[in-house]
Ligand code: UDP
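The form predicted alone is given below as one chain in structure tokens.
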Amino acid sequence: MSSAEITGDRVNPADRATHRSAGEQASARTIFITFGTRPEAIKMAPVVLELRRRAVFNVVTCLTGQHREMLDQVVEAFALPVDYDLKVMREQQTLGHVTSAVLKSIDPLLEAERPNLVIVHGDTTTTFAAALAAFYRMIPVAHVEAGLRTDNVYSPYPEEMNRRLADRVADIFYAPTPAAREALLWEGVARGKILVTGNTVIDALVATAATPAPPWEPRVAAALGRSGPKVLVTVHRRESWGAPMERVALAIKRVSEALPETTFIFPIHLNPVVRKTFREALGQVTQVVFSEPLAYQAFVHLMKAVDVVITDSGGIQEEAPTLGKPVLVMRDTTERPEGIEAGTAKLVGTNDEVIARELLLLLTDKREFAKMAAAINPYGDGHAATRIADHLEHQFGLREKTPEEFSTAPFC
């Protein structure tokens, strides 16, 4: 669904529950799900689609539009139904604007829909504001991807605080890994409120990677056709703006000079700060190929096609290892330490000398490359959404316990 097709606050209201009988619709539990950014939509798509598949749930989806074009690509790719579009995005928007706009816009929807549960995901400003809106209405909140921590509230910023605040008002915690569960337990969350599910992004990735590769745009096709190693680059985080991004660019220059046969493929974020920094620093480096942000299917197949990924993204730290691609994480901290410990990713910070050294090592040392490429991904098996849906059926008293241990007291 493109933004042009979303014309009002209510989108396709007749689309919901048309596959159910009147009796099923009357007895179904209403689940209100919000997402506002491309990563959220990717990670929530498997959950939305799995819950909609089950007649016992009436799923209401709310798109906040915290991001726009890149988000719409994912909505279209997964054919995600959208019941409401808040369209909160503004040029040069502030965190305060996004928070207040989402909170103000969601509240009347919660009053009208009266859901039995609100599901939020991860660590965006949409996540925090939607969870707070649900709390104000005394509606239970389930947090998908709960428990990730860096223990530095300004790294990543504002995501670390967003996820902590969402966890403070949540009632159910879907932790992607045992380590995330332990972080929640350490903070005082009752063990019975936590279910380790794996990360839903692996569900989305596995399904997408099994599809045929789409036609590449000409610049990407030409880059993939070059001889020599290929490196995928993504950088966008707010705390990377300025000097850190400049150092990342310098590291790419260093490697391109040391290994001129290397090609860097860089789908560049739409943020003007990111674009200006990298285009000015790398625009004349022939080994760097910029492209517009890719649709999710194309991006997954690009990850499959390259040799190494360097990124400051959280989700890519989980996705790329599933495809056997070593990841260098260009951040000083990560809320995903499991990949570092497993050896699928390496935390290299934003020092240009360190980034260049570690990337050159992967590109020239076959043993070092193989060690990271063959490491076991700790982030899931592609069945997280099924576990979440099964658990919610149990929570609402709609099924007996499954082999997965459900110890949370039902709230129906």
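Residue positions are given as counts along the sequence shown, with the first one as 1. Computed from a predicted model, the values in this text were never measured in an experiment.
Not pictured, yet referred to below: the form predicted in complex with uridine-5'-diphosphate (UDP).
Q: Could you check which residue among 198, 267, 337, 229 gets a heavy atom within 4.5 Å of uridine-5'-diphosphate (UDP) in the predicted complex?
A: Of the listed residues, the single hit is 267.
Q: Among 140, 244, 115, 314, which has at least one heavy atom within 4.5 Å of uridine-5'-diphosphate (UDP) in the predicted complex?
A: So the residue touching uridine-5'-diphosphate (UDP) in the predicted complex, by this definition, is 314.
Q: Go through 176-184, 280-288, 315-323, 101-109 and give me the stretch that gets within 4.5 Å of uridine-5'-diphosphate (UDP) in the predicted complex, heavy atoms only.
A: So the stretch in question is 315-323.
Q: Applying a 4.5 Å heavy atom distance criterion, does residue 46 contact uridine-5'-diphosphate (UDP) in the predicted complex?
A: Outside the cut-off, so no.
Q: Quick one: does residue 293 come within 4.5 Å of uridine-5'-diphosphate (UDP) in the predicted complex, counting heavy atoms only?
A: Residue 293: contacts uridine-5'-diphosphate (UDP) in the predicted complex.
Q: Spell out, yes or no, whether the shortest heavy atom distance between residue 38 and uridine-5'-diphosphate (UDP) in the predicted complex is within 4.5 Å.
A: Residue 38 belongs to the contact set for uridine-5'-diphosphate (UDP).
Q: Does any part of residue 42 reach within 4.5 Å of uridine-5'-diphosphate (UDP) in the predicted complex? Heavy atoms only, please.
A: Answer yes; at least one heavy atom of residue 42 falls within 4.5 Å of uridine-5'-diphosphate (UDP) in the predicted complex.
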